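For reference, the chain that follows is the form predicted alone, supplied as structure tokens.
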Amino acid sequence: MSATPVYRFDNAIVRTPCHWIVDGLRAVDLGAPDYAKVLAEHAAYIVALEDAGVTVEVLPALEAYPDSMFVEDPALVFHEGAIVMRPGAASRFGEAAEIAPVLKKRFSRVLDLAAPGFADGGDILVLGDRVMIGLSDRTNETGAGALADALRELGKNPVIVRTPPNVLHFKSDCSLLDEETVLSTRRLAAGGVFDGLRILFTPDGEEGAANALRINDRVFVGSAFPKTIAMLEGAGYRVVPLATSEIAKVDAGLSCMSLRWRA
């Protein structure tokens, strides 16, 4: 396990939602999100980060990229450095070029993911002893292999695993609770990817709660998942419920709205 828990953060980058978020990518059409409500969810998320002890830098909106508020997909950041990714959706590829100069101002080491593969940050779960790369519709084998090489350059231990069919991102179905525990759906854990770890399963009907976010002494969870919130509180976690109903309409969750690291 790492000397400092991997959920200890003091810095984060977020990006203001653009007006075109209403046309963001979605696997299932639940209707377009309401822009004003997306702004409210994003603002509450920033406040929660700050309340957890994180300094937040807010980047301006990118109107050319509807999904650009989800900054975790085009980049990965660690204490040791950053990696500029190659997003797996064609409409998002330009986001990597937009985030690269921001990272180069903050990290002494910034690696570019080698072509021609693709990888999204939403498929990456950082644990205490390894970094899991989930193969999905947005992260292919070539991209996963290139990302594994980049992670090794930063001193990380990559492990490539598979995301179940019909699951957008690996982290759509899981999240870190602490360095020995993950929150997961049963369909994801059934493949044995979390063998050796303690698993808390999302209650039936609340699979969407799996994309929680551990920040320092708190766990952010979608407020629409009361059974999951009660379960985590019963297990001793300090839960911060946050509204996610609008961003969920564009296949998003709590982890993808920020890049987080310990300076």
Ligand code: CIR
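Everything quoted here is computed from the prediction, not taken from an experiment. In case it trips you up, residue 1 is the first one in the sequence shown, and so on.
Unshown form predicted together with the named molecule; subsequent notes refer to it.
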query: Per-stretch contact check against the named molecule in the predicted bound form, the hit in 212-220, 29-37, 62-70, 196-204 (non-hydrogen atom, 4.5 angstroms); finding: 62-70
query: Selected contact from L168, A144, A150, A75, since only one has a non-hydrogen atom within 4.5 angstroms of the named molecule in the predicted bound form; finding: L168
query: Heavy atom within 4.5 Å of the named molecule in the predicted bound form - residue from A243, L25, V239, V22; finding: L25
query: In the predicted bound form, V6 touching the named molecule (heavy atom, 4.5 Å); finding: no
query: Distance check, G134 to the named molecule in the predicted bound form, heavy atom within 4.5 Å; finding: no
query: Heavy atom of V250 within 4.5 Å of the named molecule in the predicted bound form; finding: yes
query: Residue contact check: R92 to the named molecule in the predicted bound form, 4.5 Å heavy atom; finding: yes
query: Heavy atom contacts to the named molecule in the predicted bound form at 4.5 Å, residues of 100-133 in sequence order; finding: G122
